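Here we start with a single chain on its own, the form predicted on its own, put down as structure tokens.
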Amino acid sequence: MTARVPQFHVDSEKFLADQERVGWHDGALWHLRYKRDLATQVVPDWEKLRDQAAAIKAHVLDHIPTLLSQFITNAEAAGWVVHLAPEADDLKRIVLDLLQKNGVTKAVKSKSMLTEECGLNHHLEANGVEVVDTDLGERIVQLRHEPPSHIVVPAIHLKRGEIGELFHEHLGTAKGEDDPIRLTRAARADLRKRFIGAQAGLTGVNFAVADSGAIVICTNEGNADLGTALQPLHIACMGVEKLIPTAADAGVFLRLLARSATGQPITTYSTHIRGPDPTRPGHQAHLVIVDAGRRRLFADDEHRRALSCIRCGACLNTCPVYRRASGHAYGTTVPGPIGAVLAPAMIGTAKAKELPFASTLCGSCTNVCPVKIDLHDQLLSWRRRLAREGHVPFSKRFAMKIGAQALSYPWLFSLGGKIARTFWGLARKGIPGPHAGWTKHRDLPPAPKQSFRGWWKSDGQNQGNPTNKDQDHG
């Protein structure tokens, strides 16, 4: 995760200031969730697939040392040159050293959340290597000098008019052009020249197959294929959690990944690469395996399941908080519910103390996760740990103590309900003080005229228990 200290409440306010943008951002993400639901309904064994994927990932988490050793042995036998990077700085050093030794000044890169996390682009550019992101969404945000806001659709926070202006400035498209097809063609023409002129291709890894030493890269644009087929040097970067035992296991995840992400049956290109291309003399294939805090998370029994994530983005698409606040509000490479779970482990609880609270705990993220990560339980667990470590502000701790007292005594709970119903109209206009955020961007529902207990005593009990004369004895 990026080392910047997230300021979720401050950064989310910037996005929420434009309510029109918030509205269509919310709708665009929910459309992806809707497509995901349609795609899963036509797979009869969908839940069995999820169970199988969760079991595979659980096996991986329990056997990382063995699988890693097996993968490295088979990868080297296949021709990969394997490098181990304990931390992000090691990844940057290894990649830069490889590029400099091969005289590379221009490189193309397909989507990789790991290299975003480690800040690889900035490091290479600071050392004289031009790096061009070739995924269309990644290229858009790169030209804007900003990070992706989503792990699958990086530029979903932008309107097409804004992209048109960006392409007019950088690619020379016509002023005011906002047709998606023509803008895409302009980007393709520019990127094609970049592919041909590059001396190295950098990629991420979706899955690393232990029993063969092969890697699997999934894209919808074919950019990873061009980034590995045209250049004499291929450098793939992967987190150690990308391991899976067999190629058959990859089939399980490929059926889940695209359906969960965008509602597609499968990604357009699912490329299996097993070392350097034997038909190209001198072709080099290097594989950098990165830890960067992952083994610390493996050792955390409470939260290690988060490393099962296959980066489909389904939890982002369904999360009501992410959809309204946008990915940039999280201040981390991986935003949304999974980002809020990973961040405290990867960058520390002091830096990520706001993120586990950026959730309604509705459980929708858990329901859509293809590998059944218990995300809402994980978020709640992090909240407990943050409270124990003293990272929860006094105002919130005080409110929780009052709530605990009210829930401990029925008479106090009843009195609190009466007071709340009396002053509810004022609360709907806006709560003052440290809890003002509750009503700043949401509307409270009208207060009920009476409590449930009052209703039950007066009428509900009779409705729930019909008298004998009302029953049909046949």
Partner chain sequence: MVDGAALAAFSMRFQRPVGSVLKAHPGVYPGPDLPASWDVFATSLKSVGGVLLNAQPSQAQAIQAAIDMGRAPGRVVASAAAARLLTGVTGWETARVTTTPQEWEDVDLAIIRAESACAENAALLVTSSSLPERALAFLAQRILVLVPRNRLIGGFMAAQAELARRLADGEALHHATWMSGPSKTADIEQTLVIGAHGVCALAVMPVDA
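Numbering follows the first chain given and starts at 1. Keep in mind the model is a prediction, meaning the values are calculated, not measured.
A second form of this protein, the form predicted together with its partner chain, is not displayed here; the remarks below concern that form.
Option from 178-186, 341-349, 120-128, 91-99 whose residues, in the predicted bound form, bring a heavy atom within 4.5 Å of its partner chain: Single hit among the candidates: 178-186.
Distance check, residue 251 to its partner chain in the predicted bound form, heavy atom within 4.5 Å: Within the cut-off, so yes.
Distance check, residue 115 to its partner chain in the predicted bound form, heavy atom within 4.5 Å: Looking in the predicted bound form, residue contacts with its partner chain do not include residue 115, since no heavy atom lies within 4.5 Å.
Contact test in the predicted bound form: residue 264 vs its partner chain, heavy atoms, 4.5 Å: Residue 264: contacts its partner chain in the predicted bound form.
4.5 angstroms heavy atom contact with its partner chain in the predicted bound form for residue 87: So residue 87 counts as contacting its partner chain.
One residue of 233, 132, 289, 306 in contact with its partner chain, assessed in the predicted bound form (non-hydrogen atom, 4.5 angstroms): Residue within 4.5 Å of the partner: 289.
Residues in 278-310 with any heavy atom within 4.5 Å of its partner chain in the predicted bound form: The stretch 278-310, when checked against its partner chain in the predicted bound form, contributes 278, 279, 280, 281, 289, 290, 291, 294, 295, 298, 301, 304 at the 4.5 Å heavy-atom cut-off.
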